[in-house]
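In what follows, one protein chain appears twice in different forms, each by itself as structure tokens: structure 1 and structure 2.
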Structure 1
Amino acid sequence: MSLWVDKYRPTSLQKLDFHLSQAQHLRNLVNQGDFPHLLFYGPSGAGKKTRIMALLRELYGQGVERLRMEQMTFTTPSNKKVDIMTVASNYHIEVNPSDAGIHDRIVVMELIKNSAQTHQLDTSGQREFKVILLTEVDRLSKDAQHALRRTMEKYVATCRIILCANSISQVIPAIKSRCLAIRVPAPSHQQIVAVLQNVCKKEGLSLPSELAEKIAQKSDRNVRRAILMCETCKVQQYPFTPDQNVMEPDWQIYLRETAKIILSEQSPKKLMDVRKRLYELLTHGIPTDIIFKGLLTELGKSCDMALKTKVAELAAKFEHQMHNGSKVIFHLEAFVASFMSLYLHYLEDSVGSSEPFLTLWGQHRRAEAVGAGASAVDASKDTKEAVTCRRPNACRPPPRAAMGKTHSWLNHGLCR
């Protein structure tokens, strides 16, 4: 039995539930026979992947839905083998190049060259080109992006590239200028309510509008999350009641509690506790930007405007530093430590003793030093557990699996 998110994923452009005029535009595009490279971007759970698959189906018919997983092997110039999972149909191939880490350039180049040259569609196929779908291109290295530039022009006759990203700030202008960029905004609350009602209707359930509204509010305008929450509600209690409890993803609760702990006491001991919790989040694959964002939002709630500004500044600083370091945990910890000292200082201004602050300041300095020189720090007992980074100068959590995206961290805990 599949999850609702998969079961009721619209498969054709006509059946998409929102951004209808965009869907119409995409159909126009297909009908013209001619087709540029595309770049879809929008927040997670906005329906990008759904839209892309619907587009492919419009292009090639039902054949694109017969998917197979394949392992491909590429050889780097230094003779290292890179294995990568792909999902393919007869007409397209999907890859998440960031799975290849620093070797993403070679994967992208080889993939395009291969499919542009070897590929032979059956004569009944109505298109002369095959589609290469690259996901999470905002994590593609600059090197790989540079290499894509001319390749995109060179093989345009036999393959089209569809890029999918959460944000295009990381995509170099040369690539943007070679693609038709399609912005997929997160659906509004009303649109999410409509999707939920739709899903429930198909399941033969009646969903009170108050509950639908409540779920939409808690979903952060993420359809995937909304549908998952709705399904969890069903599991917990049916018939639905308007005031029934809507479970948030457990990582979200966990993150909020972590923030509470930070606010409850500012001491080296608490810092250690927090550190453990941060590890926990990281090992469950929660992306660091979500952690920073969550902490910033929650911590900000108990500060005045001046302090909030400072906290935002700290978050921005450490979040950035993290991308140049190699161990994300150091920078997260450094942020927490700096916050603690700042917050203590703030509290003391109203109370007036500086002794605990000094201890913490030491702690903070240490963490900061560690943060700054993170790459140089060697194996303490917990570095082994630390989320190591695959790229020397970009610290990111492990990639989400290409196909299992729906089953990834967003619903982690919801479907357990």
Structure 2
Amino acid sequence: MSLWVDKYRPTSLQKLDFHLSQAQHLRNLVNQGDFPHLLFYGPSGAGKKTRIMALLRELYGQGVERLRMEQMTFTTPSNKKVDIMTVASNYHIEVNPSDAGIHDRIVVMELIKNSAQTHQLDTSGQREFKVILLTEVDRLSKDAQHALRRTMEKYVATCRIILCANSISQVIPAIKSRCLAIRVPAPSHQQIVAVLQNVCKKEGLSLPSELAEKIAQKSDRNVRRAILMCETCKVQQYPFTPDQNVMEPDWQIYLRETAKIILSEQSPKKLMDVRKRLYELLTHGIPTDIIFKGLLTELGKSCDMALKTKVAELAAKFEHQMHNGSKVIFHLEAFVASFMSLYLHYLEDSVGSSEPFLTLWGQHRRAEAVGAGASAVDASKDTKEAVTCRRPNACRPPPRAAMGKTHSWLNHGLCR
């Protein structure tokens, strides 16, 4: 039994539910003589992959639906073996080169070369070229993109390349200039409601318009997520009710709770807790741009407009550095640590003094002292000294204190 999102996926350009004028342009593209390289881009869940597969069916017929999964092995210059899973038919091959990590350049070059060297046996009844579908092109390294540019020029006679990306901001201009760019915008809420009503009608279900609108609002204009939410609601309760609760994805709730932990306390201990939660999101396959966007949205709700601007600049800075680096956890954690420092100073400035911070540190030091065996009177005396410090600025943690290795924030002896 397949999921609704796979069971009712349109298989041809004539069966698409929205962006119908774009579907007509794609049909005209197939019917003309020359077929160029294509670059599909748009937000996740907008229907890019559905339109690509419908376009391939328009080109080659039902043969593209007979798919097989193959594991291909590539050898790097250092004699390291890289295994990549591909989905292929007799007319096309689909692969995600970014799965190879830093070896994506080898995968791109060898895959296109191997596919382009084989010609179609009978070109009279079918196209004389094969199609190579590369997904998540915006996650490719710059070396792999330059290799792709050279390779797609060399084998243009025997293969066509269709690229799929969420954003073209990370795609080099040399590739964009060699492809026909097709933007697939996210559907509107009314279009998502129409898709949900159509799916439920095929299933023989009655979907209230109020519930359909609620699902469309919570799906964030993502058709795939909306259909999955609708199927979840059916499993949870049927017949549907207009006021039925729509369950959100677990990772979305988990990300919101992570943002609450960041806002609750700004300390090295909390930073370590947040690091574990970020690792949990990454190991479950949540994309890093989704994590950045979710954290920025939730953290921005507790900031004024001036602080929102600074937080957005921080998120843009570390996300840009993340695309240039290889360890995404470093940049995610650096963003959280920078926000903690920025938010802590914002809280101090909002009350006009550093007394709340010193009170918090005093409570923290008192708990440490009592835990170490000191009397409650001595701990209270030490806490009072911390709060009435003669040089409170000396007790403020340095900018890199959040990255320290010890649990204690600072040494009170510095102010004496």
Partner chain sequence: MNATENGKCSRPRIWNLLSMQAFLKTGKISKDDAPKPTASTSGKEKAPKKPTPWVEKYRPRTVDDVVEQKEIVSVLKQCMAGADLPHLLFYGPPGTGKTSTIIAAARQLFGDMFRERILELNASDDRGIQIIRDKVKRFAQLTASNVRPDGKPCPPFKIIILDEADSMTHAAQAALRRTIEKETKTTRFCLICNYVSCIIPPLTSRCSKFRFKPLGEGMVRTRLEMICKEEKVQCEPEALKMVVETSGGDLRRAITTFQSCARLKAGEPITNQDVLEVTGIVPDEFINEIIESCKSNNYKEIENCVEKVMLEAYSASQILEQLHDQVVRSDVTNDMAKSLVAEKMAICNHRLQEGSSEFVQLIDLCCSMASIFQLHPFC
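Here, rigid core means the biggest group of C-alpha atoms that superpose within 1.5 Å across both forms. Quantities reported herein were computed from a predicted structural model and do not represent experimental measurements. By convention here, residues take numbers in order along the sequence of structure 1, the first being 1.
K.L.:
Between the first and the second structure, which is the form predicted alone?
P.N.:
The chain shown as structure 2 is the form predicted alone.
K.L.:
Splitting the motion between structure 1 and structure 2 into two rigid parts, would you put Q71 and Y238 together?
P.N.:
Segmentation between structure 1 and structure 2 puts Y238 in the same part as Q71.
K.L.:
If the larger rigid part is held fixed, how many degrees does the smaller one turn between structure 1 and structure 2?
P.N.:
Relative rotation between structure 1 and structure 2 amounts to 10 degrees.
K.L.:
If the rigid core is lined up, how many Å does the C-alpha atom of A337 shift between structure 1 and structure 2?
P.N.:
Comparing between structure 1 and structure 2 after core fitting, A337 shifts 4.1 Å at its C-alpha.
K.L.:
Superpose the two forms on the rigid core and tell me the Cα shift of E280 between structure 1 and structure 2 in angstrom.
P.N.:
It moves 2.6 Å at the C-alpha.
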